[in-house]
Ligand SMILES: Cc1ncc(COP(=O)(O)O)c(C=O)c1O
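This document starts with one chain, in the form predicted on its own, laid out as structure tokens.
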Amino acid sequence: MQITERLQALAGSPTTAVKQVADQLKRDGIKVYDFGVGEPDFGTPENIKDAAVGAMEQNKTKYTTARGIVELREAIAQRYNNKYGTAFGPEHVVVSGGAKQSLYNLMMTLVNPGDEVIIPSPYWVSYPALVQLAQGTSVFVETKAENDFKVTASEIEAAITPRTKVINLNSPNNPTGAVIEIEELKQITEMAVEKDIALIYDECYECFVFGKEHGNPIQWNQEKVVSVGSASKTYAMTGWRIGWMIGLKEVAAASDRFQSQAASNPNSIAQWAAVEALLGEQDAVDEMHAAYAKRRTMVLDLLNQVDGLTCPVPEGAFYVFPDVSNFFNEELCDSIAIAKYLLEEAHVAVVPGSGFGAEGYVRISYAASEQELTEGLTRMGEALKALK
């Protein structure tokens, strides 16, 4: 059978590739310090699991509407209304099998062939692929390490052309942990409205911001902004696959139509669990936030002890994004080679920065225990020092 040109040109996820190699080493009995996959190391809170069990016992296991149960959509709308002062209802929401599906729905809804989508770089690995599947063109805006990778309104404005259809922002950012400054976010929102450009805002790490204010452009405009969120990171529910989009009713309706044909409804049991996640007690989220904040400080201290390694300070998510280019040599000349070296020599799994559009860097997730982080990053430091 002939595979389509569309898929032949589509690259696989580098984070998935790292996980596959790390998992094989683990199966071979090797201790691996896995800082590759962006996944909370905490278990799903008990009240959420109990809600899932209750949903099964009540036989809430049938098809739901493609856009999700009204109870969950109401809970999501309430969350945004309480947090950002909006006036959304369930008709503004589409629940999907994770935020990635929500983003794919939106690209297929908003992007015509040849349309340009502005994406700040470094970027989450799937953004360009989703634009590619929609037959759009990704336009990358390179952010600066000296500005801790925070995109500015002037950088976005310089990339706008008559073909620009969408600005795709991610804050807190994966892989850098950068949090866009409030004033810059306001200016970008005003620019999108003025120039009639849709603004997709991915805030899947919204609850993990450290020492500063986090904003969402949807608080200033609900006509041109669509926000994407997820239960995965906030509630340690990555495998439950619940994400959502919220925005203009017409965009939600179109995304619903696409999802109804592409995937139908997200898991019914997971939806009821997500209702409890959003409406139930939030102590577990506070505990995770405190743990990540402590680990962030510890990880930065460990990395700063390695001569030649530089690392911008992340203000959100649970990643650090150090520059490893000082350790390149004739044999190890890019971030893929460095990541492979660290996995083979130190048994430490990181993700090469090239997959995020940032050669010379690696992404390290600190969603791991303090002991794992201390041992693994010490081994990583020793392996890098051996290259000097």
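Predicted model only: the values in this text are computed from it and were never measured. Don't overthink the numbering: it's just position in the shown sequence, from 1.
Quick note: we don't show the form predicted in complex with the named molecule, though the next part is all about it.
Colleague: Going by a heavy atom distance of 4.5 Å, is Ala99 a contact of the named molecule in the predicted bound form?
Modeller: Although the named molecule is absent here, Ala99 would touch it in the predicted bound form, with heavy atoms inside 4.5 Å.
Colleague: Are any of the heavy atoms in Tyr127 no more than 4.5 Å from a heavy atom of the named molecule in the predicted bound form?
Modeller: Answer yes; at least one heavy atom of Tyr127 falls within 4.5 Å of the named molecule in the predicted bound form.
Colleague: Can you work out whether Gln259 and the named molecule are in contact in the predicted bound form, taking contact to mean some heavy atom pair no more than 4.5 Å apart?
Modeller: So Gln259 does not count as contacting the named molecule.
Colleague: Indicate whether Tyr205 is a 4.5 Å heavy atom neighbour of the named molecule in the predicted bound form.
Modeller: Heavy-atom contact with the named molecule at 4.5 Å: present for Tyr205.
Colleague: Does every residue of Arg79, Gln219 and Gln222 put a non-hydrogen atom within 4.5 angstroms of the named molecule in the predicted bound form?
Modeller: So, no: the whole triplet misses the named molecule.
Colleague: Which one, Ala270, Leu103, Ala198, Ala134, lies within 4.5 Å of the named molecule in the predicted bound form by heavy atoms?
Modeller: It is Leu103 that has a heavy atom within 4.5 Å of the partner.
Colleague: Just to be sure I understand the contacts: of Thr109, Ser230, Ser227, Thr189, which is the one whose heavy atoms reach within 4.5 angstroms of the named molecule in the predicted bound form?
Modeller: Here the answer is residue option Ser230.
Colleague: Heavy atoms, 4.5 Å, the named molecule in the predicted bound form: which of 231-239, 156-164, 87-95, 274-282 makes the cut? Say which one.
Modeller: Contact criterion met by 231-239 only.
Colleague: Can you list, in sequence order, the residues from 163-189 that come within 4.5 Å of the named molecule in the predicted bound form, counting heavy atoms only?
Modeller: Asn170, Asn174, in sequence order.
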